[in-house]
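Heads up, the chain below is alone and in the form predicted alone; it's given as structure tokens.
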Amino acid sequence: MVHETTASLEDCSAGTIETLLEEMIRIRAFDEAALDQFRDGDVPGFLHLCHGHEASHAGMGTAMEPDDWLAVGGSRLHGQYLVKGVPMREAMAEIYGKATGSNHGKGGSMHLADHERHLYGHAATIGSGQNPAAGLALAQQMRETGNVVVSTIGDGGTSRGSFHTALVFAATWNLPVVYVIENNGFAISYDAGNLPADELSAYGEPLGIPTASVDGMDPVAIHEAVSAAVERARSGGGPTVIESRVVRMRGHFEGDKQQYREDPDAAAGEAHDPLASFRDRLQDRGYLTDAEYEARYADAESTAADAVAYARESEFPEPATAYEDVYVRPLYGQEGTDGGEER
């Protein structure tokens, strides 16, 4: 059954509130720095920014233990990389396509992985990463690691058959996996309100998977929902499907004219900004002053500026490295010329 959570700052520890705020600020500062560089023409390819998703990313990140796995999907992923522990320098260098990036410039903005930090990364196409996440969860179950897998997807990705196949596997094998659907209302340019389910977490109901649909603009709500799901999975309770309802404050990509949107400027305002909302909430409760907030944001901006400088000064990878880290295994007796070497 789809249900709402009731999130309260008073139920949250001071340490968790501190971390939620810190992560949201870091994500915003990082993406603002990336946006500035993109406007200067320094960042290659598409750029999908997290504006509006910061609370969702911070909430799920603080609900996980360091050894839990994050299998990312969708388009707005920078914040998810940061909350899983990827340093700003490595993340920014990867966006620049530089050799010092966490994937040596091969991953880019949407395909960053860091297995040492248990960041599994993105599958080749959007909406296809949930089955690998189920396999990763099956491995945790068989090896009795006690670790949980959190897998993310956007509202548009839920229309792919692979997403629903993954839910079947997760339910059948009672896997320790939490599927988080970040519903920002637009599958690129398609109104998500036209999707069959009113709450996208309801896709888990026919399979008997526990579900929750929460306000993804509230970091405490997401933290509580994902924490409960992670603990249930860790104790053998199986999978959960969570819908995190967020606002996409910018276009699908930088340069998107958003002709499908009635008022793009309204969506970009503070009324829909989860960071401004959380800041105001903390100030109202006496947890934070204006000066403290500004100082924290300035620190994050300084770290992001250092990451930009590091990325700009780094070298592009040598062309020959394109042949490194390639997995080679012959199929159906096709021994090939290299004898089935794994490189």
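Don't overthink the numbering: it's just position in the shown sequence, from 1. Computed from a predicted structure; not experimentally measured.
Keep in mind that the form predicted together with a small molecule is missing from the display, and what follows is about it.
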For this session: Among 265 to 273, 237 to 245, 68 to 76, 100 to 108, mark the stretch whose residues have heavy atoms within 4.5 Å of the small molecule in the predicted complex.
Result: 68 to 76
Problem set entry | The unique member of 132, 157, 121, 210 whose heavy atoms fall within 4.5 Å of the small molecule in the predicted complex | 157
Exercise. Among the candidate residues 194, 125, 259, 172, which is the single one with a non-hydrogen atom no more than 4.5 Å from the small molecule in the predicted complex?
Worked result: 125
Exercise. Is there a heavy atom of residue 184 no more than 4.5 Å from a heavy atom of the small molecule in the predicted complex?
Worked result: yes
Exercise. Heavy atoms within 4.5 Å of the small molecule in the predicted complex: does residue 250 have any?
Worked result: no
For this session: Classify residue 188 as contacting or not contacting the small molecule in the predicted complex by the rule of any non-hydrogen atom within 4.5 angstroms, answering yes or no.
Result: yes
